[in-house]
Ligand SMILES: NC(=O)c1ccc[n+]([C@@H]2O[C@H](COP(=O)([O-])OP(=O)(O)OC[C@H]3O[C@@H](n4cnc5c(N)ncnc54)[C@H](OP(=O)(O)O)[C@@H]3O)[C@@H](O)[C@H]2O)c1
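Just the one chain here, the form predicted on its own, laid out as structure tokens.
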């Protein structure tokens, strides 16, 4: 089976591979095999994950099992680096983008990737330079599609104005433990912290231009500060998740996944888990449809104000 690009639209759950550095090649192969057999064909990486080790290990699997490639949508990211002291900085120059992609392809034993995302906004970004890198990479067949991660809407617009190659994705942190993206929409015109604009009306900008929302760390709170599940800081949320999990005969993870998938038909949830049980629970979220009042009850149970 060769992946048809329309299958992209069917991919509601994505396998994130940020935490695979401790897996053996056989363990990673079994994870990928399970995913594909259960309808997860989309795999998300970044050159920054374990300093390229995650891409390299993924490439070892593909080298041993090349038959997997035609069943996969492969996405990686570039733009985050470490300086000589181990501190992060960002670079979206033409040279860095092109070099990063070529190095990623080499590590992954690939001739091309399906999606390249620019990982974080570089304050020095020249949109014309990025567009030139996109044109080169697409023209040479190294990258088929492009997106961004953690980008405000003005930067996306800045890029869109310089190229006729679409920006198709914005990967953002969103989940019941991190609701800033939609909280400011629901509290518009309120003189409160909830109503303070943090993302520049990004949510509806993406809807307007059909930019896919990919939700990373969907079950973490804060900036990857820990799971929301069974967390005493989120007592009311867990009680509400348990209530709906019982009603729909499923898990709390499935309910939390459904909460996100209801935001739009193209919203995708990235599970970073390598635990089969957790992935199954996430997949179950595709088969649930909460009532609208239940969605809003979950939102309120996080402690966020709804006017």
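Positions refer to the first chain, counted from 1. This structure is a prediction, so every number in the text was calculated from the model and none was measured.
Keep in mind that the form predicted in complex with the named molecule is missing from the display, and what follows is about it.
Among the residues 150, 93, 128, 231, the one placing a heavy atom within 4.5 Å of the named molecule in the predicted complex is 150. Site annotation in the predicted complex: the residue of 30, 50, 264, 273 reaching within 4.5 Å of the named molecule with a heavy atom is 273. Put simply, residue 218 is close to the named molecule in the predicted complex: some heavy atom of it is within 4.5 Å. Contact between residue 119 and the named molecule in the predicted complex is found at the 4.5 Å heavy atom cutoff. Using a 4.5 Å cutoff between non-hydrogen atoms, residue 44 counts as a contact of the named molecule in the predicted complex. Contact check for residue 253: a non-hydrogen atom falls within 4.5 Å of the named molecule in the predicted complex. Judged by heavy atoms within 4.5 Å of the named molecule in the predicted complex, the contact stretch among the candidates 276-284, 31-39, 62-70, 242-250 is 276-284. With contact defined as any non-hydrogen atom lying within 4.5 angstroms of the named molecule in the predicted complex, 171 is the only contacting residue in 153-186.
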